[in-house]
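One chain is shown next in structure tokens, namely the form predicted on its own.
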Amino acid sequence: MSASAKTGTVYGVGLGPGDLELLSVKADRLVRGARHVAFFRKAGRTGQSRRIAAPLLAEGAIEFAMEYPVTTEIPLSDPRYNEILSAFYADCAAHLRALAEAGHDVVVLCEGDPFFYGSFMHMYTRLKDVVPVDVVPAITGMSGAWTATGMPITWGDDVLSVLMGTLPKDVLATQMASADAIVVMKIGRNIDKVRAALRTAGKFDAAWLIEYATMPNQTVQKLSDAGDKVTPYFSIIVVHGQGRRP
């Protein structure tokens, strides 16, 4: 690279919960103008962020698919899980860094908000001190989910707790019992544990299940009406606060 060449920028662009009309003006502009596009996905899949952004991508955009080496094959408690993912993120970051140092801007497509439980955070921490990085915030999936229920998530002084379904049942139940309003993410295979924790906390009957919030196949129902169905990856459970109001 010549001394006069300008280093490119890596953009972590939040796409929101799934509805393209909920993108920010900045996100829309960056995605439409991207020459280099990167995104995470499971092996053999299109990738949710890539699917969301598909109508906006310029013809001829150069794509870099970052395929997770593991998802649920290895337990989170297994030391190999972090080792494998750490090496994967390092390789992805090296590729993005090389593009930026060659003078290319790169748009990394991010589901929801890049700084809210997103994989882009692992790119950000590895790149922020070596190349320019710009993060474009977005509407979170949980915001789209509670809006889909048609009820406010918090009132007055309500305390909102955001919990991961991957947590142990006793931790979930304790946090649920102490919160006024609840959002549970990363449900999937943890649905039975989440149901049990909600029952222990006395919140099961007040819980709502939202699948694919803001997307064309969105569904909204009381969790108690969902039966024993296995929820898809894009599912969120919410319990609305009932706090102080005029």
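Throughout, we count residues from 1 along the sequence that is shown. The structure presented is a predicted model; accordingly, all values stated were derived computationally and were not measured.
The same protein has a further form, the form predicted in complex with another copy of the chain, not shown here; the description that follows concerns it.
Put simply, D225 is far from another copy of the chain in the predicted bound form: not one heavy atom of it is within 4.5 Å. At the 4.5 Å threshold, heavy atoms of S24 reach another copy of the chain in the predicted bound form. With a 4.5 Å cutoff on heavy atoms, P132 does not count as touching another copy of the chain in the predicted bound form; it lies far away. For E63, no non-hydrogen atom is located within 4.5 Å of another copy of the chain in the predicted bound form, even though that partner is not displayed.
Shown without its partner, the chain has D113, F115, F116, Y117, M121, H122, Y124, T125, R126, V135, V136, P137, A138, I139 in segment 106 to 139 as residues with a non-hydrogen atom within 4.5 angstroms of another copy of the chain in the predicted bound form.
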